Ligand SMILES: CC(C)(COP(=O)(O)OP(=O)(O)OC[C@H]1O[C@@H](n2cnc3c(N)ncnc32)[C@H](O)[C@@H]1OP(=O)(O)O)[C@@H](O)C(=O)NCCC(=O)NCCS
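Shown below, as structure tokens, is a lone chain in the form predicted on its own; questions about how it binds or moves come after it.
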């Protein structure tokens, strides 16, 4: 059985359901963070599909990070979790991840799944520190400068 994830939000931070008015800030963070960012249409499709979509907001109402997760048939899938470069290494990614894990547990999901670039050592360290296990490898899953990059499939057993 997996440990119960816990996180204490700093007083000035709030995790809120994503409002479409925040989409320009989300898109800006996405474009700065990734060489191959999601398009605005992908974000809009996720919102339209009713995926669990959240922002990490500070006292200035600025978006510091965001996360998207789908849930179906007992499985939750973290689709995108990103923290603005200016706010990395402060535990914000962990706060968002733990929030998604609580949402999945509350929705009676049995597992949280995600893919992560093989080269993304910081993300791997975060996920594995929270109990995620490597379940497999998706060859050529992500676009890369020179071809494609493999992704690790990670899972966290909720039950």
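Note that the structure is a prediction, hence the values are computed from the model and not measured. Residue numbers count along the first chain shown, from 1.
From this point on, the text means the form predicted in complex with the ligand, which you will not see here.
The partner is absent here; in the predicted complex, the one residue of 125, 60, 48, 31 having a heavy atom within 4.5 Å of the ligand is 125. Using a 4.5 Å cutoff between non-hydrogen atoms, residue 109 does not count as a contact of the ligand in the predicted complex.
Though the partner is left out of this view, residue 115 does reach within 4.5 Å of the ligand in the predicted complex, counting heavy atoms only. Residue 120 belongs to the set of residues with a heavy atom inside 4.5 Å of the ligand in the predicted complex. Contact annotation for residue 88: at least one heavy atom lies within 4.5 Å of the ligand in the predicted complex. Interface residues of 55-83, taken as those with a heavy atom within 4.5 Å of the ligand in the predicted complex (partner not displayed): 81, 82, 83, in sequence order.
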